[in-house]
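Before any questions on how it binds or moves, here is one chain, the form predicted on its own, in C-alpha cells.
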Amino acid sequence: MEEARMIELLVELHEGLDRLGPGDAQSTLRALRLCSELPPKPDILDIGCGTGAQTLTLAKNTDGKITATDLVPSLLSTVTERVAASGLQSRVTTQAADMNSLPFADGEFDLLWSEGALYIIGFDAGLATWRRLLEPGGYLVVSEASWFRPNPPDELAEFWAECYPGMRSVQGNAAAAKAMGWEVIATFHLPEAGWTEGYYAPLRERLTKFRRRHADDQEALGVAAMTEREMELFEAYSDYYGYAFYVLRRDQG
C-alpha cells in the first residue's frame, strides 16, 4: 500500500476522536511540571500535533504562545476549531510543516513538544534535527514507543519489528540522548489507561463502522486488521512495552 493511501485511511479511521494515539492529560502535565525553569510566557512548538489534545492541555496550563504543526490539513482544522471553542486562539496558532525540515529560526522556542509522533523520523533524527530550534537551556519533551523489558515474546517482537524497527528500550533511548548532548531530566511510562481508555476504547467502536464502510476495500480492511492486532498485543503484553515520556534539556552553551 502506498504511504499516502495509508495516511488517508488512518486519518479517516481516527476522524473525530480526541486523540490519534495513546496519551492522557495527566501525563502531559507531569512532563510539563518537570520543565521547571521555563520562562513565565514560554514559546512552545508542538510538533506533529494531530488533533491537538496535548496542545490544549499545554495552552490551558501555561501563559505561553504555542505553534502547533502537522502535515495533514484536516487535523490542523480540527485543532483550530478546538482552540477556538476553548477561547485560546490568541495564544495558539497552527501551521502546516514537515517535521524533517521545520521552517523556524534557530533558538526560536523555549519548549519543543511531540507526543507519539517522533517515530515518523526516528528518535535520534528528531533529537538531532530539532535541537537548533531551542534556546540554550530549553526543553524537549517527547513520548515514544519503547521497550520496558528485554526478550519480548516472538509475536510481539515480530509485530513491532515490522511496524517500528527503530523501537528501543527506555534505557537505550536515554543513553542515545545523553550521547547527543542532551541532559535527561526524567523518563516515565504512560499509564496503561492512556492506551486502553483514552485511545483504544473509542477507536474500537470506530472500527466496526470503518469496516462496514469499506467492506470491499482490502487495503482499508488491512488497516483495520492491523489496528485490531495492535490492541490485542497490548492487552496481552503491556508489561513489555508502551509509551515512555522523555524530558530532555539542551545545554546552556
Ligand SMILES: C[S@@+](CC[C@H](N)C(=O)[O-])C[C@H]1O[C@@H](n2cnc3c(N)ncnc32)[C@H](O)[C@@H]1O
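Bear in mind that the values here come from a model prediction, so they are computed numbers and not experimental data. Residue numbers run from 1 along the displayed sequence.
From this point on, the text means the form predicted in complex with the ligand, which you will not see here.
Taking the shortest heavy atom distance, is D98 within 4.5 Å of the ligand in the predicted bound form? Contact with the ligand, yes.
Would you classify G126 as touching the ligand in the predicted bound form, given a 4.5 Å non-hydrogen atom cut-off? G126: no, not in contact with the ligand in the predicted bound form.
Although the partner isn't part of this model, could you tell me whether G21 comes within 4.5 Å of the ligand in the predicted bound form, counting any heavy atom of the residue? Flag for G21 set to yes.
Contact between A177 and the ligand in the predicted bound form at 4.5 Å, heavy atoms? It does not: once the ligand is placed as it appears in the predicted bound form, A177 has no heavy atom within 4.5 Å of it.
Just one of L88, A157, L71, C163 has a heavy atom within 4.5 Å of the ligand in the predicted bound form. Which one? Contact check passes for L71.
Single option in L75, L111, A145, L133 placed near the ligand in the predicted bound form, where near means a heavy atom within 4.5 Å: Selected residue: L75.
Name the stretch: of 103-111, 169-177, 117-125, 145-153, exactly one has residues whose heavy atoms fall within 4.5 Å of the ligand in the predicted bound form. In short, 117-125.
Which residues within 34-66 place at least one heavy atom within 4.5 Å of the ligand in the predicted bound form? Contacting residues: G48, C49, G50, Q54.
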